[in-house]
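Only one chain comes next, encoded as structure tokens, the form predicted on its own.
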Amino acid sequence: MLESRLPLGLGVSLEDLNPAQRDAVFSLDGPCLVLAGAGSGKTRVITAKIAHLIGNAGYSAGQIAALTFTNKAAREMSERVSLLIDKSQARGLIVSTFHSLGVRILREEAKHLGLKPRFSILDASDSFTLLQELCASSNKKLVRKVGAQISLWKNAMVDADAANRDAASEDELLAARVFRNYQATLSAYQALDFDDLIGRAVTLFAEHDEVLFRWQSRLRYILIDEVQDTNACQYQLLRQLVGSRAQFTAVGDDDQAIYAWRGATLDNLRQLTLDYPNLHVVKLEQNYRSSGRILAAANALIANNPKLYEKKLWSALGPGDAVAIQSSDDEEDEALSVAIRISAHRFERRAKFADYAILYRGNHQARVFEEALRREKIPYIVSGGQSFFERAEIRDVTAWLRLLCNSDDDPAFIRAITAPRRGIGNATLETLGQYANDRGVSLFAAACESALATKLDARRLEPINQFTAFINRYEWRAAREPAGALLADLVKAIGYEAFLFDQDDARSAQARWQNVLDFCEWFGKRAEEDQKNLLEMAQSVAILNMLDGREDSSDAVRLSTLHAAKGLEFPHVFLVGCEEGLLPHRPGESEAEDVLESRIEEERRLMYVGVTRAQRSLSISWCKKRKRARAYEERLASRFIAELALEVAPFAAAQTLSPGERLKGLRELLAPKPKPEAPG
């Protein structure tokens, strides 16, 4: 019999959990699948189950791993667990992303794969640069396409030989050839890319039973968040870790599977029932986020997709506002209308700007809304785009800083020595990488060893010697000279401005160079304020992009893609650009009918994610025409609007007004009212 309270130190009242949530928390007899509808309290279930495992079920924290897909989700989960159990009880608990767990496993077991423990991890930008060289092409679209195909192969556990054997087109043949060379280069560099962090762990466990047994013994209970977003490789890692014991809880929602384009597959949810016949399935259908009318629209929409498991969201929060549907003449009209309606609604409700979100299908839609919000003097922030500190040129400069701070940082070494190129080719770097691997030292340490001369002739060795001497000189100066001036001098000394203009057209290069100048100015001011030298500043450079976290607390309207908005919620949501060809996105014309239908189903799930971000009000808009190139093309309302099956057609009266009249009426609502005249 369940106790009325969980004796977990700080304690959790069972009254805080609904019956389905309690079922999920206390299911410990075998594999458990929790189908968690949008806003149904899945994080509460996961964190309460961790507390129950530690407080009541005899597990130590070090025997438990909770896996998520984003660092933000992992941080939130860790914070919520800390509210449920004492800090001493949580020691050793793993709450991390799949990739972070992969890194942990590979660092500890590197020798079994012929890797040194301090192997390099190439980020997306580093991988792109390498692929661009291997493709021998300046066509960035082609390079991205090749990279995406290689990533899909890795996530599906297809190696280079199989990819080459099964290639079905010229594009796939090219990608397969690049794939083989790409893997050989990574191996020579003693480097892994993002996909390898899981793929190589799967290979490790498949080839070394004793290593697999050690990790199965260490991690005795696994919890997986967003299981519908797992790819084949991540699913295999889960199966390996849980083994025949199968003590795990998978939490997910087939209605929110929106990442097929990066290898995620709903087949994993189907496969769970086949691989684990005694799987206990719990449905969380009570929604704690949205009002009744919003949920009714969401349920009607997603009912048009085939179902793995039937479920229907409901809420005790009352019916709420009607879902509003609005058409606009074009995108400028739509953006201005949304901006003015936000102002009016905020004025009426005494709300904050941060209560509002504008959600769209693609990043390219943001510009016109930014212009409209600036025109109406409404503060906003953009999510789902590129952070300033993630720009390639900023990452190039910070690679030099990282290397000055830590000469054993191999990814920084590779990036610095190739941006700009310093007369050192791939063959030389491969030789250096192999030598470093044989010696068990970092690339920089290997480059400084006199014995390297036995592997490289004098012509190839000279630029490496010049590079290491340059780093050593600046490391000496970094502890003694003002950080801002020294960074500016460093950027000039490496010829970075000329490098940018050699890489790109003049306009793009100038914009990128200005970003570097802005960074140098910021870096110098920050160092002066904090009274730090360049080395001390460089040690904290990895956390510079915490800027994004500070933005989250701003009182500003959020602009976001639907993909980036997953997992978030807002009191008031404007879902824009709901037109055929945009949402659903225009599919490839040559694709097979079953593929097209699958894509429409995913687009419908994306619309569903957008609808279920709204707590109290939801407004959906579409344009009758939209500019494409220099001409306008006619548009049709998205099929998904009709599928919402709304009870009435809100804003019916507004549709009879011209755009100008509609905006005039909204402006009149916001106009300052004249003060009454004083009597007498």
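Since this is a predicted model, take the numbers as computed values, not measurements. Rigid core here is just the name for the largest C-alpha set that superposes within 1.5 Å across the two forms. Numbering starts at 1 and runs along the sequence shown.
Note that the form predicted in complex with a small molecule isn't included here; everything after this is about it.
Of the candidate stretches 59 to 67, 617 to 625, 632 to 640, 41 to 49, only 41 to 49 has residues whose heavy atoms lie within 4.5 Å of the small molecule in the predicted complex. When the small molecule is considered in the predicted complex, Glu226 lines it closely, a heavy atom lying within 4.5 Å. Using a 4.5 angstroms threshold between heavy atoms, Gln256 counts as touching the small molecule in the predicted complex.
Though the partner is left out of this view, Tyr288 does reach within 4.5 Å of the small molecule in the predicted complex, counting heavy atoms only.
Among residues of the shown chain, Arg80 is one whose heavy atoms approach the small molecule to within 4.5 Å in the predicted complex. Checking Glu390, Glu602, Glu569, Glu497 for any heavy atom within 4.5 Å of the small molecule in the predicted complex turns up a single hit: Glu569. The candidate spot formed by Gly147, Ser151 and Leu192 lies out of contact with the small molecule in the predicted complex, as no residue has a heavy atom within 4.5 Å of it. Once the cores line up, the CA of Ala614 ends up 2 angstroms or more apart between this form and the one not shown.
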